[in-house]
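The chain below stands alone and is given in structure tokens; this is the form predicted on its own.
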């Protein structure tokens, strides 16, 4: 959330941000409500000041035996006027808060300006495309051929966009989770946490999922709880409402969780395979850092996610998202896009974002400086990385003519020494 004072003092910057993001919001209405609220508050405060002064006068008059009937009637009318003003202030604040919650973060100056993903800027590429002496298949055909991905039974158990992993497919998924957690905790300095995957509305609001993305979320019918769309939500909220010590920063956390998204509006897109599922696994990286170096921390975070793909030998590229493709809460975001030879295209496998103080203002996550001043931390997060999409990338990049799939060397210790995926058996 942006500070109201910032919006007031930088209205044109906020207006330009909305235009560049392709978002519609009645900023003039927000500003007029802010002005109205401040005027009403001043009027109410002035009346309270009068009431306090006159109350003292009444006390003096009573002690002197002077009749105070008229004064008390006057103060009764003042009290009634204060009550009327308080109701007006409350209704004004409710509308103001409604609009304020829908103002997105300001994109960083380095973010390319454009209305959609076609304006994203490629930063670099890593790895060589695999060369095949046969026509490479998409991962859904490979997985079904090996009987390690069962899409039909996933639908039978739940509905479309749910998948059953079997045998060596399930083993590959679990191996990737453990490999990524070990890499980030042992080599990158993250502390592993295992948070609840049901969260309350306050958590969803703090990280920017609500109210903007409410249609994407699964909500419990009988409890005010949501299934998490990403571990970013519970992990960021670990420190909600707390004041940290400056010496505690930076804080690096990582977590494996299942994630759940309704994918509203995506019907017809990626209906086959593992790219766009309602339930998927992810290892998430979250940082709480000092505001002075959060963009340096973004580069480090992105490098940490890249190393996963490098160790797995998966070709990828890094792109900076344009203003029109940037998430609601992010100031800057890098997407890592892995090469899928069976589909002949790059697909997103990780997003690494700096939210500056947008989330921490909502969550009230602060730190106390050495001089005793409380400041908002900057929060960052990134997928380190999405497990299902990594499974898809391994199947497509390591596929063999006979239908088997070679296991990346770094994963073999996590797969009981298995060098080649040949079917459902775990041995």
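Owing to the predicted nature of the structure, the values given are computational and were not obtained by experimental measurement. Numbering follows the first chain given and starts at 1.
There is another form of this protein, the form predicted together with the RNA, and it is not shown here; the text below is about that form.
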Notebook entry, point to check: Is it the case that 42, 51 and 243 all touch the RNA in the predicted bound form, with a non-hydrogen atom of each within 4.5 angstroms?
Noted result: yes
Margin query: To verify the annotation, which of these, 272, 90, 121, 174, has a non-hydrogen atom within 4.5 Å of the RNA in the predicted bound form?
Written below: 90
Item checked: 76, 219, 156, 125 - the one with a heavy atom within 4.5 Å of the RNA in the predicted bound form -> 76
Checklist line | Partner-proximal stretch of 23-31, 361-369, 378-386, 395-403 relative to the RNA in the predicted bound form, 4.5 angstroms, heavy atom | finding: 361-369
Check: Do residue 8 and the RNA share at least one heavy atom pair within 4.5 Å in the predicted bound form?
Finding: yes
Next item on the list: Report yes if any heavy atom of residue 36 sits within 4.5 Å of a heavy atom of the RNA in the predicted bound form; otherwise report no.
Entry: no
Next item on the list: Considering only heavy atoms, tell me if residue 66 and the RNA come within 4.5 Å of each other in the predicted bound form.
Entry: no
Check: Does any residue in 309-346 get within 4.5 Å of the RNA in the predicted bound form, counting heavy atoms only, and if so which ones?
Finding: none
